[in-house]
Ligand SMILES: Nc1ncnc2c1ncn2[C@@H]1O[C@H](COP(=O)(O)OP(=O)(O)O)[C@@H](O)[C@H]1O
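This document opens with one chain alone, in structure tokens, the form predicted alone.
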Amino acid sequence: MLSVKFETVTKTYGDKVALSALDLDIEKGSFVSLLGPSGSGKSTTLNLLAGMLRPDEGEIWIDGNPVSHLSPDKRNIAMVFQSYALYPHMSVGENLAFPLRARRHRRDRQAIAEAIGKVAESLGLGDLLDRFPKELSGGQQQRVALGRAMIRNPKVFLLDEPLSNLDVRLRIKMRRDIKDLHDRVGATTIYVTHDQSEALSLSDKVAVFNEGRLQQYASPLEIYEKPVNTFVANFVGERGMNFIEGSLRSRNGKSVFSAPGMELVIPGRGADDAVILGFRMEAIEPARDDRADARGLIKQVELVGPDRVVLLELEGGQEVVCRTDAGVILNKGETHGFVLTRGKLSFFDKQSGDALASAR
């Protein structure tokens, strides 16, 4: 297990900045996801660490040693690609053996066979060693790609969107397999994805990127509950965060958030003229009595597993989404009162989009 550190690492392509002054510390043995939309800098970060790119500025450290000048084969890392990158003319066993045969003399055949057997057993590939990639399912090919990386016993695993080619059910199963693999092997794992559900379910920490800059680096729970800006708040989460523009003012010793059709007393807040109120869909629910923070017209109701997801148009014209228990009957076209959970509200500066300090 090795630690990984990026120190003010910058990468440009002509006038385009692909990665800007990245500072990132990854603890040894941790599972870290690099999350962001296409072109955000996450794959550039992975390729810099792998040695396929070199930074224009800054330094990359592995286990306290600078590696920016080292070739990929000198970094003790293994990479699993989105396309699996299996050799089609080789059997599963030959694909697994290739990294070892490329490094060792043929007299090590027994050691190579033992390594293949151990990896094949751990990944459930024992009955597939004589098959060729074209004879395997997507999930099986992915396990072979993981096994080929494992067999080198690397200290750092790099995974570049390895599940994006799989269907939804298989992707969920492979998440469990990858997490189980990490728990057993213990290698530092860095996982690139644009799928926030993968990042949140797999990771010890998540690094969120946008436009070449690291936005937030924290635990999945903190990323979800305490986003540092409106980009993270909107990008992370099944449907993003609800936003309502308004103002915070002091009134009779209390902070009051005001917006068209809404007025909330907020404990422990200051006063800001222009803010954005943000809340997840589970932080708003139907009022059970006459007390309501806002009233809304129900525009759409979706049954999602055991829950209902409801699209509302509040009296001020804002559209928000809430999640309720399937047993709560809400009908399209009705107007209903709703309440907000005070402890689950976030506030952002309207101009910069940054989270207000006391909301973090």
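Quick caveat, the model's predicted, so the values are computed rather than measured. Numbers for residues come from their place in the sequence shown, where the first is 1.
Although it is not shown, the form predicted in complex with the named molecule is what the next lines describe.
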**Message:** Even though the partner isn't displayed, in the predicted complex is G39 close enough to the named molecule, meaning a heavy atom within 4.5 Å?
**Reply:** yes
**Asked** Should S33 be classed as touching the named molecule in the predicted complex when contacts are defined as heavy atoms within 4.5 Å?
**Response** no
**Asked** Is there a non-hydrogen atom of A18 within 4.5 angstroms of a non-hydrogen atom of the named molecule in the predicted complex?
**Response** yes
**Message:** Within 4.5 Å, heavy atoms only: does T324 come near the named molecule in the predicted complex?
**Reply:** no
**Request:** Choose from 287 to 295, 326 to 334, 301 to 309, 39 to 47 the stretch whose residues reach within 4.5 Å of the named molecule in the predicted complex, heavy atoms counted.
**Result:** 39 to 47
